[in-house]
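Only one chain is shown below, in structure tokens, and it's the form predicted alone.
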Amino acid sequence: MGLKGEAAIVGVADYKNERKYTGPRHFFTEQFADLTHRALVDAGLDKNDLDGICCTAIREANMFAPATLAEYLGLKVNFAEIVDLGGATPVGMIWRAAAAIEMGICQAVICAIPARPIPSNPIPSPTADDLRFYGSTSANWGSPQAEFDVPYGNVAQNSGYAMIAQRYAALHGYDERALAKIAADQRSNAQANPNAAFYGKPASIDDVLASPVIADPLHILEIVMPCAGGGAVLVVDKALAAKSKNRPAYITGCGERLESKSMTYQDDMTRTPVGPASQSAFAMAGKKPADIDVVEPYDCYTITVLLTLEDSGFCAKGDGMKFVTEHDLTYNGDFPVNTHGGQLGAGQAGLAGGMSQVIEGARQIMGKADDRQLSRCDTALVTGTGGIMSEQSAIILEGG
């Protein structure tokens, strides 16, 4: 049961991550169309090949987003999906597209997430979210978080991930240099990625530890930098993959796990849903951690990467700090992780942040990662994380 590996990523596109975006502002519909065009060009395929759309909510339509986008792009599609999994959304899009293709519903699905600023609305929106400073925490009337978390200050991502790190420290100890090394190694990778927000700005372990503590024990350089950007991935069937000008990156395994919205209800904050998700992906693909050439884990915080490596089976629970210390995580190293810099080194372009991991995994398999290209890359594990370790997804990519 599961994916048969008959759908592949053949085209990708992304905008440069920019901390201070000064370029022209376009509506999400326009950005979606542009990213779609770029991904098609990258694959060497035609717009008429498209018959599927995976998207997120868009600013221009409070509902019927896929229909709005299909109309704007001039497409007639057989598969349309909105995915709402926070940072796990991009990975979730990819396996849903692959499943739809394998079921014969469609032959080519564009999965895109725009994340550049849109034109200012001259008329204030009555649906504007004045509570956005709560981050992934819902302060809306009727939400369990509004009643049981918000009044006690358990809000947003920084405090949540800091609590996870504190709990991990209580159980397994805490080597802050090992955690800082994750950020430093990924920043090193970003120096080979001109699209990274921190391109030209390396950071050492000492730099990370010298940066301000935002939520103990997390330093600011252990936390993602929001930026403008956007990305798209084209998933197609075998027939179209054979016509593409790129080496296909077949989606051979997938997994997804949701356990809670709030940490308040997690059984164990140090054992995350990425464990079951990645185990499903490995089993489906017939692979094991030792078979993976590159790992592209979601990295909103350094603790996220550490737990992902442990829970995905690359090392035992509690051994992550030793594992990170003993391995070189750069693209020149023995265990490459987030070879594009990850979101810690390249920036987090909203929901499109997690798409950067999918795009990089595909590029490594395609052999199109420029100066950071691995000498050999046939298999990649890509993960996504939403909320505060609330929902996680995983896919295995293999070269065709």
Partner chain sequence: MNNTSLSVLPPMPHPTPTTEPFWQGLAEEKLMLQQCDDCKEWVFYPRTHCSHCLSSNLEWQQVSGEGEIYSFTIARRPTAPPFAGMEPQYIAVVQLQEGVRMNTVIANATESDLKVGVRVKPCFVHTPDAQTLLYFELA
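Residue numbers count along the first chain shown, from 1. Keep in mind that what you see is a predicted model, and the values were worked out from it rather than measured.
Keep in mind the form predicted in complex with its partner chain is missing from the figure; the text below concerns it.
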query: Heavy atom within 4.5 Å of its partner chain in the predicted complex - residue from Arg247, Arg177, Lys287, Arg167; finding: Arg167
query: Selected contact from Glu326, Asp206, Asp84, Asp268, since only one has a non-hydrogen atom within 4.5 angstroms of its partner chain in the predicted complex; finding: Asp268
query: 4.5 angstroms heavy atom contact with its partner chain in the predicted complex for Ala242; finding: no
query: Its partner chain contact at Gly153 in the predicted complex, heavy atom, 4.5 Å; finding: yes
query: 4.5 Å heavy atom contact, Asp149 and its partner chain in the predicted complex; finding: yes
query: Proximity of Ile214 to its partner chain in the predicted complex, heavy atoms at 4.5 Å; finding: yes
query: Proximity to its partner chain in the predicted complex (heavy atom, within 4.5 Å), stretch among 308-316, 86-94, 182-190, 215-223; finding: 215-223
